[in-house]
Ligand SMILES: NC(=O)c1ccc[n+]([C@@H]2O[C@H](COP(=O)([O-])OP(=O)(O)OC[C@H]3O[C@@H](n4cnc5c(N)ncnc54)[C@H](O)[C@@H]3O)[C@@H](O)[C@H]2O)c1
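Before any questions on binding or motion, here is one chain by itself as structure tokens, the form predicted on its own.
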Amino acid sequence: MHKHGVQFSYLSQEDLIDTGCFDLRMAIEVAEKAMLAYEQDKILFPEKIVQIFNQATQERINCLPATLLDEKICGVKWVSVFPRNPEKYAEQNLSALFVLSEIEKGFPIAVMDGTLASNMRVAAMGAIAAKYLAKKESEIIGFIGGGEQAKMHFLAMRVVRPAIKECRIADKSVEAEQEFIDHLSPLFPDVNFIATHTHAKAAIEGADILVTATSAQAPLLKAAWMKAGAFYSHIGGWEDEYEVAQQCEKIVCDDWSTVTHRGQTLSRMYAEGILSSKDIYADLHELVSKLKVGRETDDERIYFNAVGLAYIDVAIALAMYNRAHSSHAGQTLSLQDCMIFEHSDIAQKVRL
């Protein structure tokens, strides 16, 4: 390679899975470490760029940058969210990739699948919240929505709440519910998976942990279904009645200031003047660092809202890259062999 050559690793989703990167315990540990670094001002976390192509359906592509100063890595996640894909095309609604660069010379070190890490990050944040906010003896979890995010959420929840022994699932179709069960039941033979035949109330009522994992833009979760002592992990947009949050003793966000600029339930309540900053108990990093306590009583209803933090994504992506790279996975690709005017035949190839 020429002295001015630039190379980087390309890692597909299969490369990451084959080298053990589908590891929810790793994602949870990395996310907690990154939140502590954020508190110590060791993270650069600029605003993301959002391009929405359809306001009604929220079809969009987001660009999310962040820098891990201690690791000397800058990364960006390029993620598309197209909620109608499953219905219209029988395709996934989310796809993503990462670009990671070192910040000594500024050269890229990796271009890699981001869909796995993105889904794992959502689940890891919900699980970390459950670690501090759900009852330790939680046995029943209920899902509204049974797609990839829901499946990933269950994997992560079992890491922090291994007492879960019953999982109820409500989706828009019985086929989707059965697919959820078919994918997860072989991994957890000790869990009783229950399809509710599209009845959300049956999935949620009496559950210790509630999860909504849909692309809904109208409330599906009713406040009356949430029992005293339940923990609710809100993943999507506008998935629950305002009364769900209003009846909770604690509301925790991954980052409240970011939530105020989004289109989720809490965001809508804030915009309408129903909810204010003083109603928010904590950001999740404050629980991780023990600046604030988590659950204090068995009968507290607790609401957790995550919008997604790019620095967590980048931290998980870097951990995946390191694991895959140490196994010599993926491909080494050339960005350039030399600088532009060092090409021997550049005089013949330049167009003027």
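Quick caveat: nothing in here was measured; it's all calculated off a predicted structure. So that there is no doubt, residue numbering starts at 1 and follows the sequence shown.
Absent from the display: the form predicted in complex with the named molecule. The rest refers to it.
Heavy atoms within 4.5 Å of the named molecule in the model of the complex are found in exactly one of 134-142, 81-89, 270-278, 96-104, that being 81-89. For the options Leu68, Val307, Ile302, Leu318, the residue carrying a heavy atom within 4.5 angstroms of the named molecule in the model of the complex is Val307. The partner is absent here, but in the model of the complex a heavy atom of Val122, alone among Val122, Leu266, Ile209, Ile128, sits within 4.5 Å of the named molecule. When contacts are judged by a 4.5 Å heavy atom cut-off, Arg60 counts as touching the named molecule in the model of the complex.
Using a 4.5 Å cutoff between non-hydrogen atoms, His261 does not count as a contact of the named molecule in the model of the complex. When contacts are judged by a 4.5 Å heavy atom cut-off, Cys253 does not count as touching the named molecule in the model of the complex. Interface membership of Ile73, defined by any non-hydrogen atom within 4.5 Å of the named molecule in the model of the complex, is ruled out. Proximity to the named molecule in the model of the complex holds for none of Leu24, Arg158 and Ile164, with the criterion being a heavy atom within 4.5 Å. Heavy atoms closer than or equal to 4.5 Å to the named molecule in the model of the complex belong, across 212-229, to the residues Ala213, Thr214, Ser215, Ala216, Leu220, ordered by sequence position.
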